[in-house]
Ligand code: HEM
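Next up is one chain by itself, shown in structure tokens, the form predicted alone.
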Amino acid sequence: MDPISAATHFNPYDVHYPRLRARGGLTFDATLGLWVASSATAVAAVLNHPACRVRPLHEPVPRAIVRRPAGQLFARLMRMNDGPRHRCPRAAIEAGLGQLVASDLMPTLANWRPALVAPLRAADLRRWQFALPVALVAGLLGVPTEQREDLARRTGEWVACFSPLSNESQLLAADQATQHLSAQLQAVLAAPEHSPLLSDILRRSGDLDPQDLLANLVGLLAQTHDACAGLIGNSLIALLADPALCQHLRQTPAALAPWLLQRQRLDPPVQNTRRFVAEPCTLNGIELQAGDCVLVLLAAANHDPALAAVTGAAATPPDFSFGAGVHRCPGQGLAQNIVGALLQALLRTSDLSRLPLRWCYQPSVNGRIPLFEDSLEAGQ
């Protein structure tokens, strides 16, 4: 196991991540050719340093998609940019997302079309895991009911281009999805009336380039896709293994939110991210040079005994699952709300422990997203 393959290992937490932290928190991996930040102190230092950028200066768009439609959209995403192209879309979108953190999504789920029913097999569960979170956000943006789940499917096709593991077939599907998603959201923007969320975003967008706004609405769907799929999936693994826990959370709905926060910290959907050093700097007492790459092990930092002391009052509970600093994901609270609502609905409609499932992790260099399949008997 190395720091990258650890993301999809069945348990990197007990041995591998502690071993990396014990080496000093920020160390150079000669095999991978990059620095590895594994302690809470080192991760915080990297994520908060202005010299550490989200893309290498010489490659703002991955080579595999640089001249493709998917790459043109990628180039406008705030999560993949620093400076004004990060700050301006974030200023337009972040406040509206924050207002939805405490919104009650259960009435929306109760009236969903097509109706939500208890999952009986893996395919049913995949709808809850991959389609419904994105469809919920699409609905909040004002996408018509009959288009939401198809838009979620297209979003899944688009996010595949983010991975260096994507093949040519997936890249072609991502290009087609780019065009479909852009057209659908452009139609929503052009509609005579807008949803409360989209109205708020438009009110705050000011002189933001319309194409940057459009791209970042698509980006909002993309971030919802992987983060929620991973958080739901990792939560389901814990619930499937513990019928008593399912019963407790079903009988005590108020316990679900704090349990989900703990699950997010202990088994986060995004295990690592990367930062690229734009100019010489000192991090965690070590001098780094322009062009250096740092693999930031968010999951390892989440298990660091020093986590609470490092994050302090800025994070309650302390957690790096959604990043830190200026690039901390603005949708963390909404993601928690969406996943919490879906898990609450699942617990009400289904005895999860009786679902005959097995699972593995989706191939990835940074995400931890379980893929469930049918099995003759429940198990791992």
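From 1 onward, residues are counted along the sequence shown. This structure is a prediction, so every number in the text was calculated from the model and none was measured.
A second form of this protein, the form predicted together with ligand HEM, is not displayed here; the remarks below concern that form.
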| item | value |
| --- | --- |
| One stretch from 144-152, 217-225, 184-192, 241-249 that, in the model of the complex, holds residues within 4.5 Å of ligand HEM by heavy atom | 217-225 |
| Heavy atom of residue 42 within 4.5 Å of ligand HEM in the model of the complex | no |
| Contact test in the model of the complex: residue 79 vs ligand HEM, heavy atoms, 4.5 Å | yes |
| 4.5 angstroms heavy atom contact with ligand HEM in the model of the complex for residue 322 | yes |
| is_contact(residue 52, ligand HEM) in the model of the complex, heavy atom dist at most 4.5 Å | no |
| Complete contact of 97, 330 and 335 with ligand HEM in the model of the complex (any heavy atom, 4.5 Å) | yes |
| Contact assignment for ligand HEM in the model of the complex, among 303, 180, 86, 126, heavy atom within 4.5 Å | 86 |
| Proximity to ligand HEM in the model of the complex, single hit among 294, 310, 288, 270 (heavy atom within 4.5 Å) | 270 |
| Ligand HEM in the model of the complex - contacting residues of 109-145, heavy atom within 4.5 Å | 137 |
